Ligand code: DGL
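Here we start with a single chain on its own, the form predicted on its own, put down as structure tokens.
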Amino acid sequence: MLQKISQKIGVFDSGVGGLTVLRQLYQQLPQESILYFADTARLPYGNRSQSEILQFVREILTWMSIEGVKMVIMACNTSSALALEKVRSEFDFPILGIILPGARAAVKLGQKIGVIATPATAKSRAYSQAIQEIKPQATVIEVGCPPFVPLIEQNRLNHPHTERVVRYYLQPLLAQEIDTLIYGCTHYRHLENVIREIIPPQIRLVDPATHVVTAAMRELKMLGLKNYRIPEPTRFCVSGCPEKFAFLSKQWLGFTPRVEKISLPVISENAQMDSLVRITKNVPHFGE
């Protein structure tokens, strides 16, 4: 049992978005060892089919199982929306999704709830279903924002074009006079400074990353798996370019991580970059 307690918590996302969950783990569960995987060779997930997402998630969880994790947090809303319920019974460790904790937090704050998400998450209406099961009278407006992840992964947070793109996708939610806004993709927390400049101050922001880690803490205690020993350093792994991930993540981690490349069935880096560029181009032109 002691060996099981000291095993790592697995965390995965398509890229740097899951670092928001990782930061919460550092704050709320500082004694836990963590295995972080970013599927950077196949990002963004938000424009992929359910069958693709399910395949990717099974590959990642199988690898994490081999690595001996004691729990996995899907730090990816698209994976949580499209694959969580299908894979939970396929592995012998608890798997936590990010949508339900975010929905539970949102219904405590507001009645008219906006969700900014990837197209796949928005299309699934996973947040609407989760929120209205808890609070049937709540109004939920979900908006798919395809350019957000590419802009973040291309490190364009402070570019004027980014502010114009974010304003464009928030406009339908502001027109509906929402009182609460959920980051329906873990990447989107990285746009918080831009978002706060656009939305009225009375709109409350919900970051599901905070709440999924709180849920993980409860689960670990309930299962008797909480670690009280000195943790191992976080192990960072990617399917794409380690150097690029290390450079991009430094600004949010406060240090440059040592990153390993892991071989899963992946598309080429060139094909992945073509996909990112295509997504950022296929949005209304805001004038560079």
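The numbering used is simple: start at 1 and walk along the sequence shown. Bear in mind the structure is a predicted one, so any value in this text is a computation, not a measurement.
The form predicted in complex with D-glutamic acid (DGL) is left out here; the points below concern that form.
- In the predicted complex, at least one heavy atom of P44 sits within 4.5 Å of D-glutamic acid (DGL).
- Contact annotation: A122 falls outside 4.5 Å of D-glutamic acid (DGL) in the predicted complex, judged by heavy atom distances.
- Contact annotation: V115 falls outside 4.5 Å of D-glutamic acid (DGL) in the predicted complex, judged by heavy atom distances.
- Although the partner is absent here, V149 lies within 4.5 Å of D-glutamic acid (DGL) in the predicted complex, judged by heavy atoms.
- This chain is displayed without D-glutamic acid (DGL), yet in the predicted complex the stretch 75 to 83 from 107 to 115, 89 to 97, 164 to 172, 75 to 83 comes within 4.5 Å of it by heavy atoms.
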